[in-house]
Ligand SMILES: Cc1cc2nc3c(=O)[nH]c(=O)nc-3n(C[C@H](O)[C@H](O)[C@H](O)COP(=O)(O)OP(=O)(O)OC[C@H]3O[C@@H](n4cnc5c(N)ncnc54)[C@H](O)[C@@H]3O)c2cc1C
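Quick setup: one chain, the form predicted on its own, written in structure tokens, and binding and motion questions come after.
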């Protein structure tokens, strides 16, 4: 009898922790374990705003799958479809070709994508803050705007480049706005003329920011943001985006060349390919995390609608890293139980709390129904992240980055990722092209003068 093949889709919180639990529970050689993921690292996304601000290096939040697993084979690519009849996942490889990946047990944890809205100009001009590449690019772009504004004498251009708008009053939006505002404050020390021009806005259609923290901490967050100089506008969204302007739904047209979109996420479209019931795109599963009628397929994380057995006021578990990490332990055990013919366990988890890091010394936390702010919240927030990061190497990098910033300050230099993604050698070639064009124009002018002399003589 051949060894069962267990396939996990996604290397996020749910996927990676599932693999690690499976490797601990399955004896060597008892099963083949494969991971389908476009990248060979797990991204610790809660700290992405600190990457965007330069507080952390990109390597600090990208944990190698190869270092964290020992028995798992990586299948590089995007899972684009699931054929439950043939027990096959269709994978689009980095080369663009489609390849089948057979499974006996399948765990779907593909995560979510940035939610798109039908707003004119949004996809063409907005910046995201969900991936590692977006965070690094965003940092370079913000610093480039300040450099260009400082070099310009046009007040209109300066205003456009020095205004930054973040859409979304959730964790990502609030932390991104606060972190990048502090980055601009550091950069403005070099550009004193821009200090009075830099403007940061946070807008959200909701009536308050960070509603998950409750009313008291939500008001505290609002006060902290405004204390940083960020203009917070609630019950407002974006109507239109152009290259140099953002029009809000309250009628205001703000000169702006940087719109950062963090207004929610949508489940991976992969879940729709199974042909099973979904809740707003999230695949419905039972309390045992198995897909009803499909006992060999399980789903967890952002893209799964998991019954919330511990909270009567919420039908489904919230799509957070905290829940995905704990679902991973249950789903790994249930995969093993299903192979061995044992009963499956139900998933239950009581929310442990929430943390928000606003950079600097500002933080907010709700832990076991206790509300914290200031230095106690900062200690709780940083401690939570250090415990949640699964890689000792990443923890060391993060701690070192925090220490370096505390003792030596930050860096505000760009890394070159905003230069249209071109290598410096190609940028250098532009000089050669310019000289060639200049020589051609000079030669053309000389020939024209010769022609004029000839006609003049005639």
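Residue numbers count along the first chain shown, from 1. What you see is a predicted model; the values in this text were computed from it and never measured.
Separately, the form predicted in complex with the ligand exists; it is not shown, and the next lines address it.
For the ligand in the model of the complex, the listed stretch (243-251, 371-379, 220-228, 104-112) containing residues with heavy atoms inside 4.5 Å is 104-112. The ligand in the model of the complex is approached by residue 321, whose closest heavy atom lies within 4.5 angstroms of it. In the model of the complex, residue 171 approaches the ligand with a heavy atom inside 4.5 Å. Contact between residue 79 and the ligand in the model of the complex is found at the 4.5 Å heavy atom cutoff. Using a 4.5 angstroms threshold between heavy atoms, residue 9 counts as touching the ligand in the model of the complex. Exactly one listed residue, out of 158, 199, 130, 349, brings a non-hydrogen atom to within 4.5 Å of the ligand in the model of the complex: 130. Of the residues given (64, 393, 59, 39), 39 alone sits with a heavy atom within 4.5 Å of the ligand in the model of the complex. Using a 4.5 Å cut-off to the ligand in the model of the complex, not one of 52, 166 and 362 places a heavy atom inside that distance.
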